[in-house]
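Just one chain is shown here, as structure tokens, and it is the form predicted alone.
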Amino acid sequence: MLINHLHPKFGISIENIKITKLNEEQKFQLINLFEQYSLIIIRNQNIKNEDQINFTKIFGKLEITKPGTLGSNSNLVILTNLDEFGNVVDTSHKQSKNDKANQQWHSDSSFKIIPAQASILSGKQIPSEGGNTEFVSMRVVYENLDQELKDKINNLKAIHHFAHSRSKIDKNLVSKIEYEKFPPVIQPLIKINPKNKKRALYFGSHTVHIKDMQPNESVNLLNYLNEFATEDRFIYSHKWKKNDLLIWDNRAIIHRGKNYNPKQARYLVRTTVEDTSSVAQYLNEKR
């Protein structure tokens, strides 16, 4: 494997491999690189959906796509602005609004009782301009916090809710079935990697507030952490090429999409691995 670094502190690109032809040693290497660098990019992977599913199994148990998302009840999340006939949808369409919601900094599935570990995203159709995906290592961000602040937040927990992030785009964006299936959950504000014990901040657009903290104090703390975490020095911005394959660790990474020409076609396919080592709690424990 030929490895190049993407950002001084995290992320690598790998050349000269095909994910459909990996041997056991290469799979082992990929897992270790994933744990170490949190973000991996592999170019020129012209793969079928089944190939992507089989590759994703290297990292763990696949998530079932939630209701209200293209690919629901399968292992695939379809992120596109195309309708079933291949036409680009209007910006008022739910798919376009979901795309806008994904342009907020977030960690995939942090609103679920079993959040996400790895996300694997394949670029099938790419707009000619814009549409970058940006990444921040929350592990690196945590390392750069003052020790006093680290001590303050190490044992805090936060409330995550899918409806919270979507309401920022459109209060009617979340369907009744989505609202009922995904009630608020409690997640740690700091995630500790079970293998290397490294700590990372864990919050994003799904985060409503800090548990057991006064509203003003919670807002101020989350705003400060968000502004600090998304300083330019912490961001890697990925310019897509067709057949790029991106792999990232949601336990240590937040990401967001960037604007692109809404009249140009975009089609990405995501598979997601459950973080079975970090089960959350429901805010309403009776559930």
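Counting begins at 1, following the sequence as shown. The shown structure was predicted, so the numbers you read here are calculated from the model rather than taken from an experiment.
Although not depicted, the form predicted in complex with a small molecule is the subject of the following passage.
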inquiry  = Within 4.5 angstroms, counting heavy atoms, which one of the listed stretches 110-118, 199-207, 131-139, 177-185 is next to the small molecule in the model of the complex?
reply    = 131-139
task = Determine whether any heavy atom of residue 68 comes within 4.5 Å of a heavy atom of the small molecule in the model of the complex, and answer yes or no.
result = no
message = Whether residue 79 contacts the small molecule in the model of the complex should be assessed with a 4.5 Å heavy atom distance threshold; does it?
response = yes
ask   = Are any of the heavy atoms in residue 161 no more than 4.5 Å from a heavy atom of the small molecule in the model of the complex?
value = no
inquiry  = Taking the small molecule as it sits in the model of the complex, is residue 102 near enough to touch it, meaning that at least one heavy atom pair lies within 4.5 angstroms?
reply    = yes
